[in-house]
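First, one chain by itself: the form predicted alone, in structure tokens.
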């Protein structure tokens, strides 16, 4: 089959990205404290408004406090706001990386102690609907920075769009954020269903967010667990809950992560406990091949053969 101009453009962008990933130094000259490939965690939700992006930013800060070198990737490519949550303005974004006008090093921004952000941008329909090859390009560029980071957190877009499922399928661990609203539970179930049927994911981790008590958090998890295990056969691990806290809204208005604005409030304490649990968890069998491309290479090859 003769390649189209779009295919040729994608190939050229891939070559540029792979070159930049291997020839540009990542932040400083430091390497991973673990000496291995980073743990890649996609944080996802079925619906918006469950506090996912705020949780990603604060988890990044918590991991940074623990000494991890953290990469926070805004996977909501067309409606990005992770940079706003960190209280920073990013002159360059993943759009420049995909366009081939900037390298990974150009786009990276330090946003907290030991934390770097790869920001996306808002209002780009083409970014919100990347083809498989283009998502692969992004992952290829990021994969080249394995030695520089210990933890990669991907803030996926809400819903079951191709970008969200693609990034979650590429990660070795998926953390589902859910609250007690029936719509949140239903949409989280839908996300897990698509992830399982399309990407073959057999296990996910769950955090109950914005709950009033640990008991409520456990009940939220049990409700989702009953649905997923019964109808999907997907295993679920409960990672804990984050307390409802008025300081969360205040930190968002202030444009700073909660752990910076109110480091000792109940929600901050919950997030640190969650980060500790995630850090202690042994990597799953999906991490055996290492790197962020673990699943996505196989998925791209499968789609190309169809």
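Residue numbers count along the first chain shown, from 1. All values reported here derive from a predicted model rather than from experimental measurement.
Here the subject shifts to the form predicted in complex with a small molecule, a form of this protein not shown in this document.
Of the residues given (158, 84, 104, 92), 158 alone sits with a heavy atom within 4.5 Å of the small molecule in the predicted bound form. With the partner omitted here, the residue from 274, 248, 259, 41 that has a non-hydrogen atom within 4.5 angstroms of the small molecule in the predicted bound form is 248. In the predicted bound form, the small molecule lies within 4.5 Å of some heavy atom of residue 242.
Remark: residue 210 counts among the residues lining the small molecule in the predicted bound form, judged by a heavy atom distance of 4.5 Å or less. Contact annotation for residue 76: at least one heavy atom lies within 4.5 Å of the small molecule in the predicted bound form. At the 4.5 Å threshold, heavy atoms of residue 52 reach the small molecule in the predicted bound form.
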